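Consider the single chain below, provided in structure tokens and representing the form predicted on its own.
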Amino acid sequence: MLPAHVLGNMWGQSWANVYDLVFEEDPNAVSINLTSLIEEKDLTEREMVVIAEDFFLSLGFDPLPETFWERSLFTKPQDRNVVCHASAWNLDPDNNDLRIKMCIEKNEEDFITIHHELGHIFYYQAYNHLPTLFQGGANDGFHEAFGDLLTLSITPGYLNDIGFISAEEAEAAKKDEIGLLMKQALDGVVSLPWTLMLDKWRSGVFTGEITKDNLNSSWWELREKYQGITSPRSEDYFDPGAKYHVPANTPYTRYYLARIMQYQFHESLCKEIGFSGPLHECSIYNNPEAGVKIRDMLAMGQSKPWQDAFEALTGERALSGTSILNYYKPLQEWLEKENEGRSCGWE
């Protein structure tokens, strides 16, 4: 198994920080460093949010209210302590009082997170016309899935459309599809077993199957089983407590559902707009047809069974991992070739 401390993320929920250790880029390939692009453009934190809002406007959503810009927190205050964990708020649905709270850093990770948080905001805006009882995601995963959906459209083509890179750079970057997919998979695929095991641990605590005597060892048993990650730390520690969602008592199955649903949403929308290329190159930016499909689903809120909302967007009523496999198919084929003759996995 992999020792947890070498993965560049204290929970091992993303392995993106070891990308350069697991994939050797072609020296002639043109790779996109979004953090460098943000720095070169000298974007402010507010401007990063404006760019994310533009994505939703291109799909036909209504602009955010002026109160959003007046009342949201974009930068870490110097005069007081705040919880910097990014979050979206629907404080007064009747008056469309929508806000995000986030200590934005000028880097790729936060640029993507902003798109995610605005996904929550525009979901709120879409269903705030409904009675209070129905103001919510169709199920626990829908809110997270919609936020994550937009991140799949941050492609080289999209970055060209918004003026971050030239058309020539976008075309050159597409030729490095394995590098692009590897970087995404180290976050998007790696997180799936993590999101599953965390709530398995939480449910074990609630049912009493996990007791105070094995809080930490049970945590690592599950991580070894599902993630292939191990730790030398003893029962004297309480490693689960370092994850925000554990002390905050926030259910995590929503993220597991969202990771699967976002790819199904993405694939169905790409088919809707007639995209015929590799799935990872598809961006729904500036496609009003996709926007109509999305808004119709979001506007349902919790007024219908989640399967109805899911079917309205995807044409299907069940979750499936097929879209994930379709999205990463070029990477999977490359990995099978690279690992031919090797025994992969763990015990």
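Keep in mind that this is a model prediction, so the values were computed, not measured. In this text, residue numbers run from 1 along the sequence as written.
FYI, the form predicted together with a small molecule isn't displayed, but the following is about it.
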Among T113, N216, N139, T253, which has any heavy atom within 4.5 Å of the small molecule in the predicted bound form?
-> T113
Among K175, H85, K76, H129, just one has a heavy atom within 4.5 Å of the small molecule in the predicted bound form, namely H85
Even though the small molecule is not shown here, does R223 get within 4.5 Å of it in the predicted bound form, heavy atoms only?
-> no
Contact of H245 with the small molecule in the predicted bound form (heavy atom, 4.5 Å) = yes
With the cut-off set at 4.5 Å between non-hydrogen atoms, does Q13 touch the small molecule in the predicted bound form?
-> yes
Flag H120 as yes or no: does it have a non-hydrogen atom within 4.5 angstroms of any non-hydrogen atom of the small molecule in the predicted bound form?
-> yes
Assert contact_stretch over 155 to 163, 271 to 279, 200 to 208, 237 to 245 against the small molecule in the predicted bound form, heavy atom within 4.5 Å, equals 237 to 245
